[in-house]
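There is one chain below, alone, in structure tokens, taken in the form predicted on its own.
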């Protein structure tokens, strides 16, 4: 007969091991990345966007394009050249290389778009979070919003443009002086939706500070919403810059701008359509690709898509 002691052995008991949940590790940002790259169309658009952005930042460094410098202004043979290997986008009415001008203008538009969006989002999120959480602050901030929102942005831009003059700093100030409050109002609305949920009420009863509740309990739930807003804000800011430059209120004459190019070359739309449509096409590629990629990131950052 076999001895039972040789058939069975006692298992060691580990209290910590018994409490461990047998589930795979979850990383929020890894899940965001997996969801984002799952869409091949979005990845293709992202590659196009990155190529255009990187080329816009690098190409002007080598070309050293100066919109005030026209070496071929007296050479009629260099004016209105059609696109070729030597001049991929052709030349304009005073013999300037349109290829260099377009990418220099795209670089300035991208810098202004990203800087203004960053400033507006930082100020808007901070103010909006406090605004939505504090009922006493809501009373007077809503009055400030009503006043600012009823003043046309173009009127503010025109007045400040004439007072401050042209240039990068002036244009960034003009684009940020009132736009941040729209971001703040948007965040305020989102915060108010989840401010009085049960876990926030319980956290408040336990004495959690306001700042901790905003940064730990509220803003993490708004990542996808904020990404959606950023996806709209960057292309919109670039479009505003182009529009102001089109009206002559943007960057100075010594800075390249897609808006000023479009404005200058509108008169040549029929005779030399490439002068007008090439800057418009580059602007469209930048704006549309930024929006598509931003919207895809917003969808990927929503935890409900990670299931």
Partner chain sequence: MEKGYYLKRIIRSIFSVLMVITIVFVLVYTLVPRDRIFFNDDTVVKLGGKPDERMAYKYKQWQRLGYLTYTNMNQYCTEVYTTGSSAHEACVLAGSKDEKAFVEKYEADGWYIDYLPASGSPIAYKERPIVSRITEWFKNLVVIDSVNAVQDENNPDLERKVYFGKTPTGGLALKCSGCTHKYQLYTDLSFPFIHQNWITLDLGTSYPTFNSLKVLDVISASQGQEDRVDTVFENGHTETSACKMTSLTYKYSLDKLDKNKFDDNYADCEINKKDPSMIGISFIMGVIALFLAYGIGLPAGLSMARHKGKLADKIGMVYIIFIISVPSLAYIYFFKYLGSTIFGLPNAFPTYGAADIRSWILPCISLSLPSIAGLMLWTRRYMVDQMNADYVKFAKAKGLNQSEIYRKHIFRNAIIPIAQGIPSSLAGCITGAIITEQVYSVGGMGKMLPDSINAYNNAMIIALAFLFTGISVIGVFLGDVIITWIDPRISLESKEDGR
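Residue numbers count along the first chain shown, from 1. What you are looking at is a predicted structure, and each value in this text was computed from that prediction instead of being measured.
Keep in mind the form predicted in complex with the partner chain is missing from the figure; the text below concerns it.
*Asks:* Since only the chain is shown here, I'm wondering whether residue 158 would be in contact with the partner chain in the predicted complex (any heavy atom pair within 4.5 Å).
*Replies:* Yes, residue 158 lies within 4.5 Å of the partner chain in the predicted complex.
*Asks:* Answer yes if any heavy atom of residue 162 is within 4.5 Å of a heavy atom of the partner chain in the predicted complex; otherwise answer no.
*Replies:* The answer is yes: residue 162 has a heavy atom within 4.5 Å of the partner chain.
*Asks:* Can you tell me whether residue 154 touches the partner chain? I mean in the predicted complex, with a 4.5 angstroms heavy atom cut-off.
*Replies:* Residue 154: yes, in contact with the partner chain in the predicted complex.
*Asks:* Any of the heavy atoms of residue 147 lying within 4.5 Å of the partner chain in the predicted complex?
*Replies:* Contact check for residue 147: yes, within 4.5 Å of the partner chain in the predicted complex.
*Asks:* Considering the partner chain in the predicted complex, which of 52, 46, 280, 70 comes within 4.5 Å of it through any heavy atom?
*Replies:* By the 4.5 Å criterion, the partner-contacting residue is 280.
*Asks:* Which listed residue (135, 169, 82, 216) meets the criterion of a heavy atom within 4.5 Å of the partner chain in the predicted complex?
*Replies:* Of the candidates 135, 169, 82, 216, 135 is the one lying within 4.5 Å of the partner chain in the predicted complex.
*Asks:* Kindly indicate whether 195, 235 and 270 are, all three, within 4.5 angstroms of the partner chain in the predicted complex, using heavy atoms.
*Replies:* Yes, each of 195, 235 and 270 comes within 4.5 Å of the partner chain in the predicted complex.
*Asks:* Among 174-182, 227-235, 95-103, 118-126, which stretch has residues with heavy atoms no more than 4.5 Å from the partner chain in the predicted complex?
*Replies:* Single hit among the candidates: 227-235.
*Asks:* Can you tell me which bits of 32-53 touch the partner chain in the predicted complex, meaning any heavy atom within 4.5 Å?
*Replies:* Contacting residues: none.
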